[in-house]
Structure formats: C-alpha cells, structure tokens
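Two forms of a single protein chain come next, each set out by itself as structure tokens; they are called structure 1 and structure 2.
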Structure 1
C-alpha cells in the first residue's frame, strides 16, 4: 500500500463541558509527508492526544479540515466526516483501552479479524505470534489484561496497532511505561518497522531521546498552538522561541532574561542576579527586537566550569547531582529560577565561573 500523507488545515477543537467551553487546539495546520515519522512534543495537557484523536476520527474538530492521503477525512465547512474504522489508522491509546474480556492473543488479533479481505486463522495466529515476539510478550498470550503488569499492557496496546499494516500509525506515548532497555529495543523495532513498511507515523512522546532519534520531523505544541515544526536537530539547535528552547533538551536550556547593554566595553546581559558577559563572537547573533527585554539561552552542556574570574560570570554552585555518567550542577538564582550546568567531571569547588560556548548561545524575544 502506498503511504499516506496527512494534511491538517486550520484545525481547531474545543470541548463543551458543563462548565463551559474548553478550547484545546487552535488553528493547527500541518503537512505530513507520506512515510514520514512525525513526532509531537509538548507539555502535559497541550492537546497532543486530542490531535491524534482528531486525526483518527474519534473526535470531530470544531473547525478546519483533515485529509489523509487524497481522501478528506473531515471537513467541517463541507460537513464531511469519515468514520474512524474507514480511515484505516492504527492508534495506540495513551490509556491502552485493552479489551478486558479478551486474552492478549485475542486483543492483538482483533484488528486482523476486521479486515475487509478476510485472512485465514493460521495466518492471523502467525502474525500475532510474530508481533508478540517482537514485543517480548510471547509468553503472555493466554492472559487477560488484568493479569498483566503496566508495561506488559502497554506492549499489548502497541501490538494491537502494529499487527496490521494501516495507512497511518498514531501512537500516544507508546513506550512511557517501559524500562529504559526495553524502550530502546522497542524504539529500534518501531523505527525498523516503520521504515520497512513505510507507514506514515505520528508519534507523541515525552522522551527527548525518542523524539530526537525516531522523528524525521518534530512539532512542538504549546497550549494548543504549534510553536515550531522542523528536523530534530533544527528544533534542538535553533529553537524558534524561548518556549521551545526551554522545552527541548533534558535538562532544558538555561534561559536568562535581562537587558543587553554595553558595560566596560563588554556586551553584557544584566538582570537582578548579576551581569553575564556575552562572548564577543555571540554578540553578532543578537537579533532581538527589544534589547531592554530579551532572553538569552544556553544549554547546560554548553557551559563549562572554570576558576572564578575566568569565565563569563562567577557563581556559587548550590547542588551537584550525579546522573550516571555526568554531573548536573545547580546554581539557584533569586527569582526561584536556576542555571544548570552539565559536566563530565564533578566540579572541584563550589565557587566557580561559567563560560558559555559562544556558538551555542541563542537570543530570543521573550
């Protein structure tokens, strides 16, 4: 089957509850190419799941139109709406929604029994077995969902989606309840599957690593509005605004608000906490509309720790955390914010100066 493109035009969605209207998505336009692996990122409650529901047809947008392939799935203006089961998408629900009365085997086989072109029992069994093996749950086929652990349930939910070859995969945090190693395995399997079958995939995740390694492109959503769409490296390297900058990366980029001014021949960013000397090379990149009120961004790994006086600003490290191979140093600031520095070695002293790697400094309008 040819992979399908997905096209959203000016899609908006509000829920009408007893307490009034809750606007969730506003004016979303996206153009996802056939065979693309498209990742949705955004803070909790920003509308990612809702967006997937709109595409799958489980919810109806309040405005706008959605096309899957060359078929219009929904167009509010033209009053077109295609039922979910005709859209031929596979959706992994964030909440799994396993069929409690069916065994794992039956859960996974279910989509296969609904195909227009009937397939034989044997080949269903074979497919289910293959899928289960891929997800490492082949020993659990006889169980009912209630007898599974959280991660096992999640894998069954994935299994139900990938067992057939839909035009579109929609996955809502499919790996959130898996341990790191399994998640890595699964990630590789999904990527492999997706590339092999060339199925357009829209994927919601909170995991940095997943977003970066899986996605052909990433869209960052905030409060129901798209903030940036781009290749992983782009979004990471050239975030469009402080929100994206602060959201992508773990630990996130340090965002320092202040006013840019000249002082003693040096360009500095000044705020209540002190003055940050901006490296000369970076000064050229300042492209903010209002220098009095702008944001400077620098990632924790792009800051190096040196002896006091040597760097761009002198600070006191408050807390150091060991995160396995690296150390995170926290510098608490007055307005209950903090700067984080990531370093391979543990800082030897608490009184240090920070040096910002100039080519990684970014400036934003707030």
Structure 2
C-alpha cells in the first residue's frame, strides 16, 4: 500500500472542564509528505500527544480540517468525522499495550483477526512470521509479554502495528520506557525499519536527541503552538526563537539577555553580569526590533576558552564536567543562569576569557 500524505489546516483543540474552557492546541497547520518520518517535539503538556490523537480519531478537534491522503478525516466546518478504524492508521503507545494472556504470535496477529475482509489462518501466520523476521523476534513467538524485556515488548508492539501494513504510523513516545543504551539501539532499528517500509510516520517525543536522529523534519511545539518546522539541521542551526534555541541541543544554546549598545568604538551586549563584546562580523546579523531588550544566542561548542583579556568577555569557571571525549565548563551568572562551554581540552585555569565564533552568533527578540 502506498504511504499517505497528511494535511492539517488550522486545527485547534479545547477541553471544557469545571474551570471552563482550556485551550490545548491553537491553529495548527502541517503538510506531511508520503513516506516522511515526521517528529512532533516539545515539552510535556505542550499538546503533541493530543495532536496525534486528533489525527488517529481518538479525539475530535474543536476547529479545523485533517486530510489523510486524498480523504478528509475530519472537517469541523463541514461536520465530517471519519471513525478511527476507517482511517487506516496504526498506533504505538509508550506503555506497549500488549495483551498479557496472549503469546507474542497472538498479539501480533490480533489486528488481522478483526479485519472486515477475513483472511485465512495460513495467511495470518505468514504475515506474522514475515513481521517477526523483520523485527528479529521470530524466536519469541511462543512467549507471553511477561517473559520479555522492555525492548522486546516494544518490538512486539511495533510488529502489531505494522503487520496489517497501514497507510500511517502514529507513535507516541514509544521508546521512553527503555534505558538509555537500549533506547539508542531501538532508535537506529526504528529508523532502518521505517526507511525499508516507507510508511508515513508521525512520531511524538520530548527527547530532542530522538527528534534530531529520527526525523526527516521536526515540528517544535510549545504551549499548543508550532514554533518552527524544518529539517533537523535547520532547527538546530537556525532556531526561530529563544524557546527553540534553548530546547534543541544537548547542552542547549546559551541565551544571554541584555541591551546592545556602542562603547569605546565597540558594539557590546550589556547586562547586570557584564559586557559581552560582539565581533564586528556578527554586528551585521543583528536584526532585532528593540536593541535595548534582546537575546544573543551561542552554542556551547561555538565558544573557545583563552587567557583573560583575549576574548569577548572575561569570566570565572565554576564547575568542569568530564563527559568522556569532551569537557563541559559552567560559568554561573546571576538570576540562576549560566553559560556552558564545550571543549576538547580541560581548562587549565578558572580565570579565563570566552571567545564567540562570529559565524554562529544569533540574535533574537525576547
């Protein structure tokens, strides 16, 4: 079956509680291409899982229109709502949601037993075996979920989703229950699987590392509003605003608030922590609406450490962390803020100067 495109137009969702109307999503518009691995990224409570539920049909939007392929799934203005089972989507949840009394084979086969067009037991077994081989779990078919590890259970849940070859995969934080090493392994396997199957996939996560490594494109969501949509390299290198800049990256981008002014023939950003000399080449990139209240951004790997007086600002390093191949140096500022510098060598002194690579300095409105 050919993969489907997904189009959302001005989709909003509100819930009505005893406290009144609570807005969850506001005016979401997205155009997802057939076969694309599209990631919805944002902090907990931003509305990304609700958006997945709207696409699957588990929730109904308050406003807007959703099309899956050439069929309208929901259009509030025209009072169209397609039942979830008619949308030909497959959901994979964080909690696996396997039937504990069934074997792995029975769990994977279950979606095929509920089809309107009945298929033979031999065909079901053949599809289950093909799926199990794809996921490398053919040796686990007779086991029950309680006998499986977390990674094995997740593969069974994915197998149950792909066995009937849906037009659309919807995945809601499927790897978040796994430990760090297994999560990394499963990321690679999941990406490889999606590339081979070429099924359009919409993947929800709060983990920016997952988003960067899995997504063909990423939509960053905050407080129910899309902040930026783009390829991982675009979102990382050219964040649209301070939220995206601070959310993407590990460690995140350093964001320094202050006023831009001229002092002694130099352009500086000044705040209560000191004055940061802005390199001449970077001054040309200043495009904020109010220079008296702006944000300068620079990633930790784009700052170098030198001797006092040589760089953009002299500081005192408070903490140095050894993370294996690199060092993270923390400079604590007032108001519980800090600057992080990533370097290949451990600083030889706590009293240092920081030099910002002018090509990588960004400026934002607050």
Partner chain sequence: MKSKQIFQQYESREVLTAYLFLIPALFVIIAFVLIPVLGTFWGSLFRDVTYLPRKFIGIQNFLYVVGNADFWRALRFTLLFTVTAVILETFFGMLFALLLNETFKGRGFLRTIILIPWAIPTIVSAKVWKLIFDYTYGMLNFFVVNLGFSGGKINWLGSSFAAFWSLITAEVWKTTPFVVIILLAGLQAIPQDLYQQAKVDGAGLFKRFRTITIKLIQPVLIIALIFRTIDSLRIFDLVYVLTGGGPGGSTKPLSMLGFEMYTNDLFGKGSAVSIITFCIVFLITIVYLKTGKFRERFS
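Here, rigid core means the biggest group of C-alpha atoms that superpose within 1.5 Å across both forms. Numbering follows the first chain given and starts at 1. As the structure is a prediction and not an experimental result, all values here were calculated from the model.
- Annotation: structure 1 represents the form predicted in complex with its partner chain, while structure 2 represents the other form.
- For the motion between structure 1 and structure 2, which is treated as two rigid parts shifting against each other, residue 261 and residue 158 do not share a part.
- Rigid-body analysis of C-alpha superpositions between structure 1 and structure 2 gives a rotation of the smaller part of 16 degrees.
- In the core-aligned comparison between structure 1 and structure 2, the Cα atom of residue 122 sits 4.4 Å away from its counterpart.
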